[in-house]
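Here you get one chain, nothing else, as structure tokens; it is the form predicted alone.
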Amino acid sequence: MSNHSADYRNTLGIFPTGVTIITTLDKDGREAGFTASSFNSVSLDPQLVLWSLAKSSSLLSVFENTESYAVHFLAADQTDISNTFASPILDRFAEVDWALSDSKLPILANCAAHLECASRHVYEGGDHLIFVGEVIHHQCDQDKKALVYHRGEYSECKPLGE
């Protein structure tokens, strides 16, 4: 990474982002997932969200070819899960509490929220692909604080007045 790129990355780090994990099943029915901070809502009607994945990711073909995926908003106490899904280990699901949803997506337990999405569009985005999904189901635990990433560190999102 050039110095210019490092400066740009530091500039982007000023903006706090939520920490998510995106999960799906591959064509052979094996669980796949990774940690992502590149998540955003797109539209309320229809309910659309987007996220991106590096073209260099070993999971790129899995997500390019899936029909659905789940987006998990991690709770403030889930830094260990975030680190697991950001690591290069092969079986990221081995030590994590999860279950298949009715729509056959791997859903991680105890998250602040999750969205189950139908894959709608994939767009070129420089060194990443941008995925747009339509939310088909969502669930939220209003009592959980969200995990955020800011200036290269984990933090938690606190309600105003707290």
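Bear in mind the structure is a predicted one, so any value in this text is a computation, not a measurement. Each residue number is its position in the shown sequence, starting from 1.
Heads up, the form predicted together with a small molecule isn't pictured, but that's what we're talking about next.
Colleague: Taking the small molecule in the predicted complex as the reference, which of Ala54, Val42, Ala109, Ile130 has a non-hydrogen atom within 4.5 Å?
Modeller: Only one option qualifies, and that one is Ala54.
Colleague: Looking at Leu59, Val122, Ile136, Leu100, which is the one with a non-hydrogen atom within 4.5 Å of the small molecule in the predicted complex?
Modeller: Flagged contact: Leu59.
Colleague: Can any non-hydrogen atom of Ala36 be found within 4.5 angstroms of the small molecule in the predicted complex?
Modeller: Within the cut-off, so yes.
Colleague: Quick one: does Ala76 come within 4.5 Å of the small molecule in the predicted complex, counting heavy atoms only?
Modeller: Judged by the heavy-atom cut-off of 4.5 Å, Ala76 is well away from the small molecule in the predicted complex.
Colleague: Specify the contacting stretch among 114 to 122, 64 to 72, 46 to 54, 101 to 109, defined as having any heavy atom within 4.5 Å of the small molecule in the predicted complex.
Modeller: Answer to the contact question: 46 to 54.
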